[in-house]
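Quick setup: one chain, the form predicted on its own, written in structure tokens, and binding and motion questions come after.
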């Protein structure tokens, strides 16, 4: 055992940056992996655990989990020097101010769970009944006798007889820039969702649906002007791949700025965010490699991981303890299918996580995962698609949020869509890594280079975020997004509505559970001029149907207040106030919300 662990893992961790305990446990008990019983209460009512290595962790209480916000512990409850926001106990020195991470995962009541299952089974029964009695009004393929089905039978049934009934809640065409407001093109269906007709009218809504975290999706201003100017100089395409005359000086400038912004040696950019994962991960892996992936990772990561034929193991969402168990077990066993008694170590081990999980609103426990990757000599791939720009005091993502060293992440990935109002993605890291990708990446060799106006938009945004435009506009947007996020989440919790995720995440999932309530809420909100996204099974687990809210720095307090007022009205009408947590009724003053304080 010792020999194998050393071969696959190497030295132990020299410094463990420990976070908080996300386990779904509300009972006091000792834990066999070295965690002791509860040993103190924080000033905000949460309970601490003392760990044998001297680090303090929090545990879920009443559906809450300690994770990261700007709430403070006092020297009476937690003492010791701070490293990246984490507190070491067992010291008598007074404690400076630090942040506590807080996330919420309150489960539904048994009655709500039962009704959700029953309603779904009724919906399925009606679907099968409809399929038997009413033939589908869709085109049928001809000359296919003897062919096996091209489409999965159940998927076809689900699409035509379950999803169709509520299809009017999705795929709305828009007729404007997706800023703090968006214009929807109205449509009606006269045959229960089989077909749609445009009415010729439009509806302007407050936009709580689009990924526009910093509000740079604009039709005017310096970023739009930069994109327009680039069209006159370069046109809309460079006419090739990056390796075949497709690289222009905008790409070079963009990659240099991206590396500087992230604090790493080099970066490479691509024209599509999805392809940045799907076409680059296979370049780094091969059979004989081990990939350990978070169960909530995005489809682009999953596709990229599957393509190269590496062995894939999945760990429970944000569960660092489970991740370590998988690491230890697989390092000990080595590669599978070896001759009896033979041991063959993995070629490499890659841990794949996201910064902010777009469906859950959670954030990765980065300091602890960095500690594990050092301990077991694994590589770390961090997807910052939803966190770059949106998280951290300087907008540099989860790495910035935790105050970690970006050079401790082996492969930094992100997209230019959500916070930059543009398109494409990047991978950043050492010069050796980026040089390898420039030569070997499928996206670099075969995919069309990023369009010049897209690159120009991103460059303009980066200059604003870095203060190179001579203003503090970038910092103002970062702080406004953080304040909007805190304000909106606190107000929703005061209504007694269950929301998931981190207090600082601009992705706010409102749990509604039942299919019928997802559809009803989306329809009513559009009638009230608010655009949102409803998400249900199979995109989420059956018991986690939700309305997903995406906040932006472009939203004004007045817009948020109107949306909150309407959401509370709808919650009362539909019975969405499932939360059993104590409600803090103290007034929330927007201007007094503190964000990113030193």
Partner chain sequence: MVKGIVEFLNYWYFRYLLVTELYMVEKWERVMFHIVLLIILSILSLFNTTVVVSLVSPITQSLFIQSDLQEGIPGVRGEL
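Quantities reported herein were computed from a predicted structural model and do not represent experimental measurements. Positions refer to the first chain, counted from 1.
The following text describes the form predicted together with the partner chain, which does not appear among the structures shown.
- Taking non-hydrogen atoms only, residue 134 approaches the partner chain to within 4.5 angstroms in the predicted bound form.
- Residue 321 falls outside the set of residues with a heavy atom inside 4.5 Å of the partner chain in the predicted bound form.
- The shortest heavy atom separation between residue 514 and the partner chain in the predicted bound form is within 4.5 Å.
- Taking the partner from the other structure, the partner chain in the predicted bound form has a heavy atom within 4.5 Å of a heavy atom of residue 572.
- For the options 115, 177, 257, 466, the residue carrying a heavy atom within 4.5 angstroms of the partner chain in the predicted bound form is 115.
- Comment: the partner chain is not present in this chain, but in the predicted bound form one of 159, 203, 480, 119 has a heavy atom within 4.5 Å of it, namely 119.
- At a distance of at most 4.5 angstroms from the partner chain in the predicted bound form, all three residues 123, 129 and 166 contribute at least one non-hydrogen atom.
- Across the options 519 to 527, 259 to 267, 102 to 110, 468 to 476, residues that bring heavy atoms within 4.5 Å of the partner chain in the predicted bound form belong to 519 to 527.
- Within 4.5 angstroms of the partner chain in the predicted bound form, the stretch 179 to 206 places a non-hydrogen atom from 192 alone.
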